[in-house]
Structure formats: C-alpha cells, structure tokens
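Next up: a single chain in structure tokens, the form predicted alone.
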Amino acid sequence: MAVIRGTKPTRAVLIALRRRIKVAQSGHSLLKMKRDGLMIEFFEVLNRARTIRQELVQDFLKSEQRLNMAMAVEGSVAIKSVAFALQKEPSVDLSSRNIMGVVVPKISAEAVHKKMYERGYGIIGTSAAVDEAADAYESLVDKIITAAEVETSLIKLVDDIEKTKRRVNGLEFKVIPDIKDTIRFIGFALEEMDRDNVVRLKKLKSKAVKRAKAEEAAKAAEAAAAQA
C-alpha cells in the first residue's frame, strides 16, 4: 500500500482526498480522450507526410532533369543569367493553427508560381526548356513549403502525444492508486479509532455504573446506620 507521505488520518483529509480523486479521474479521462484524438490526427498527418515526401522526391528528380535539359540547350552561362533575372522572390507567411490544444505551424507562400512574363527573363531569347525548368522548380519550392508545414506539425504532434501519454500513465499508475491507498489507510485508521472510542466509552460507562452503585450502597449503609 503506497500511502501519500505526511497524510494525517482525519475525516477532513479523507473528504479532501475523495474530492481530489474525482478531479484526478476526470483529468485522466480527458487526457485519454486527448491522447486518442491526437493519435488519430497523427496518423492522418503521417499519411499526408509520406505522400508529400514521395511527391517531393519525384518533383526534385523532375526538376533536375528539366534543368539538365535546359543547360544542354542553352548552356550554363545562359541558365545562370536567367536565374539572376528574378525580380520578385517568394514571400513566406507564417501563422499557426490549433489541433486539440497543440499549436502547429501554417505556412503559405506567395509569388512561387509565376507566369512566364513575370520571371524577368526574355521570352523570345530563351527556349521552352528554360520555361519548363523554371516551372518545375517553382512546383518543387511549393512542395518543399508544404512538406515543411506537414513535417513540423508531425514533430509537434509526436512531442505532445508523448507528454500526454506520460501524464495519463502518471495519473493511472501513480497518482490515482496512491490516493486510493491513502483513502483506504485513513478509512482503516478511522475505523480503528472509532473502535477504540467505543471501547473507551464502554469502560467509562462501566466505571460510572460501578461508581453509581458504590454511591448508592454507601448511601444505603449510611441510612441503615442512622436508623440503628
């Protein structure tokens, strides 16, 4: 029996512990619901992360292929010149959203996908291979941003699931059992004290009866002596 240290076996403490165990059991139930909900959300995000990672690899290979083709057609110098022609870099907007109490990032980007005339290089002076390479890398950047949001959310969910599991286990295997053991200990102690009080009262009552009888006998003796 694991009794909470320093606990005094009194009725006031017993009442307080009974209230405390109700709160602990309620908290345990809520945390289990949160843990189960986070697990469902985790597997959904995990499936999404796997899909995005596969798509990310495919987009990367596609972008490399398109870039190699463009360099073969235009030459590395021309490709570097096209790259420096970028006029507006993509802007990333960071915000957050709440998943069952877990704050996860929400990342959105602007100006990633551009029209040909917005890329800064001359359309007439370049081949279609350059346009295809630029389009492929824009799609790749967009996919990287999505993957960053999903994988960061996954990490935060895993971290909070572990914390919630520890709290659930702590309540289930430590806090609640200790409170129950302490309640039983106090109950036994109070019952023992009640029995001791009953025995003490019986003894006091017996003494009082004997004293009363002795007093009555003394009075009767005095009365008899007076009559004699």
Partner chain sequence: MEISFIGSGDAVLGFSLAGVKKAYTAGSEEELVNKINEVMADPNVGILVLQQKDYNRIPKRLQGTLSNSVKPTVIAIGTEQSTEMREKIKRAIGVDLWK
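This is a predicted model, so every value here is computed, not measured. Basically, rigid core = biggest C-alpha set you can superpose within 1.5 Å across the two forms. Positions refer to the first chain, counted from 1.
Not on display, but discussed next: the form predicted together with its partner chain.
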Quiz prompt | Contact test in the predicted bound form: D194 vs its partner chain, heavy atoms, 4.5 Å | solution = no
Exercise. Tell me, yes or no, whether Q54 is in contact with its partner chain in the predicted bound form, where a contact means a heavy atom of each within 4.5 Å.
Key: yes
Exercise. Find out whether any non-hydrogen atom of F42 is located within 4.5 angstroms of its partner chain in the predicted bound form, and reply yes or no.
Key: yes
Self-check item: its partner chain contact in the predicted bound form: L190, any heavy atom under 4.5 Å
Solution: no
Quiz item: Of A128, V141, M100, V73, which residue is found within 4.5 angstroms of its partner chain in the predicted bound form when only non-hydrogen atoms are counted?
Solution: V141
Practice problem: Could you tell me which of 195-203, 178-186, 161-169, 24-32 sits within 4.5 Å of its partner chain in the predicted bound form, going by non-hydrogen atoms? | Solution: 161-169
Quiz prompt | Interface residues of 137-158 toward its partner chain, as seen in the predicted bound form [heavy atoms, 4.5 Å] | solution = Y137, E138, L140, V141, I144, I145, A147, A148, E151, T152, L154, I155, K156, V158
Quiz prompt | C-alpha of E151 off by 2 Å or more between this form and the one not shown on rigid core | solution = no
Practice problem: Note yes or no: does the Cα of L201 move by 2 Å or more between this form and the one not shown after the core is superposed? | Solution: no
Exercise. Align on the rigid core first; then say whether the Cα of S96 has moved by at least 2 Å between this form and the one not shown.
Key: no
